[in-house]
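This document opens with one chain alone, in structure tokens, the form predicted alone.
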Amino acid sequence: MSNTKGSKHDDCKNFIPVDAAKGLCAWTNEMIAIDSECCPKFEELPKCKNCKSFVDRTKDGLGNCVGLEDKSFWAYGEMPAVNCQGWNN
């Protein structure tokens, strides 16, 4: 379990997106709004914005990943990094 402060449901490993506004909680099997309060079962989903190798270059969350061989790799902060070999928390 991780700190839920400022987190949205789409920052959680247990969130299964259905559309742009809602999804399914894998713990409760209930539909939930993406921006509603996270529950105590929150587990942080690896995303670029949570990685030590992500260097945010813009106010919109676009930046560079310096954890990969190609240090000029552009990344978006909200991009899931579940399979990223350079992800480092």
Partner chain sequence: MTELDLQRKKKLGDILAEKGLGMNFQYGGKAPEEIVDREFQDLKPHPRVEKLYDLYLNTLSSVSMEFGYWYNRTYAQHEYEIPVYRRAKALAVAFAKTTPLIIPGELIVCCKARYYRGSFPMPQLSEGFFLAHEDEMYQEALKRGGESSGELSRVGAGGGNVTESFGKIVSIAGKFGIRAEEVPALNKIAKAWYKKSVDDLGNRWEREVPEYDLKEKIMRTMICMFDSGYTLPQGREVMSYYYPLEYGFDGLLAMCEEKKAEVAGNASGDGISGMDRLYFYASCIELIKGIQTWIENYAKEARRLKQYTHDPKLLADYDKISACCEWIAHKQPRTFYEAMQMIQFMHTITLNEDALSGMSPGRLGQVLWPWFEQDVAAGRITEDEALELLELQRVKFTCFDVFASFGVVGGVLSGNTFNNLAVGGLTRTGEPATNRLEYLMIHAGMTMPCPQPTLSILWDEKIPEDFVLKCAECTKIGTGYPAWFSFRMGTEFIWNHYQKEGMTLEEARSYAIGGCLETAPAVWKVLHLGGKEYEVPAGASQPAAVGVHFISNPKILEMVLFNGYDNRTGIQVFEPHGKKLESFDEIWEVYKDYYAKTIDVLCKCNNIQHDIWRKNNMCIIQSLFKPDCLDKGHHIGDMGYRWNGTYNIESCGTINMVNAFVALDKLVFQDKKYTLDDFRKAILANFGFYKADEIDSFSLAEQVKKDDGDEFDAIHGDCLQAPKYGNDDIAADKYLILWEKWFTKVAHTFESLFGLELYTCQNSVSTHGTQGRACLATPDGRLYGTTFADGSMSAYPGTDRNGPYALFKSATCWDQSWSQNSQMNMKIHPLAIKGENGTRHLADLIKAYLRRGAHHIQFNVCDSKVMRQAQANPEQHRDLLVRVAGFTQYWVEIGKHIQDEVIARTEYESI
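The term rigid core refers to the maximal set of C-alpha atoms that superpose within 1.5 Å between the two forms. Positions refer to the first chain, counted from 1. Fair warning: this is a prediction, and the values are worked out from it, not measured in the lab.
Another form, the form predicted together with the partner chain, is not on view; read the next lines as being about it.
4.5 angstroms heavy atom contact with the partner chain in the model of the complex for N88: Judged by the heavy-atom cut-off of 4.5 Å, N88 is well away from the partner chain in the model of the complex.
I'd like to know whether V55 contacts the partner chain in the model of the complex, with contact meaning heavy atoms within 4.5 angstroms. No, V55 stays farther than 4.5 Å from the partner chain in the model of the complex.
At the 4.5 Å heavy atom threshold, is C39 in contact with the partner chain in the model of the complex? No - in the model of the complex, heavy atoms of C39 and the partner chain never come within 4.5 Å of each other.
Taking the partner chain in the model of the complex, which residues of 24-38 have any heavy atom within 4.5 Å of it? Heavy-atom contacts within 4.5 Å come from L24, A26, W27, N29, M31, I34, D35.
Would the C-alpha of N29 be classed as shifted by 2 Å or more between the shown form and the other one after rigid-core alignment? Shift at N29: below 2 Å after core fit.
Does D56 show a Cα shift reaching 2 Å between the shown form and the other one after rigid-core superposition? Where the cores coincide, D56 still shows a C-alpha shift between the shown form and the other one that is 2 Å or more.
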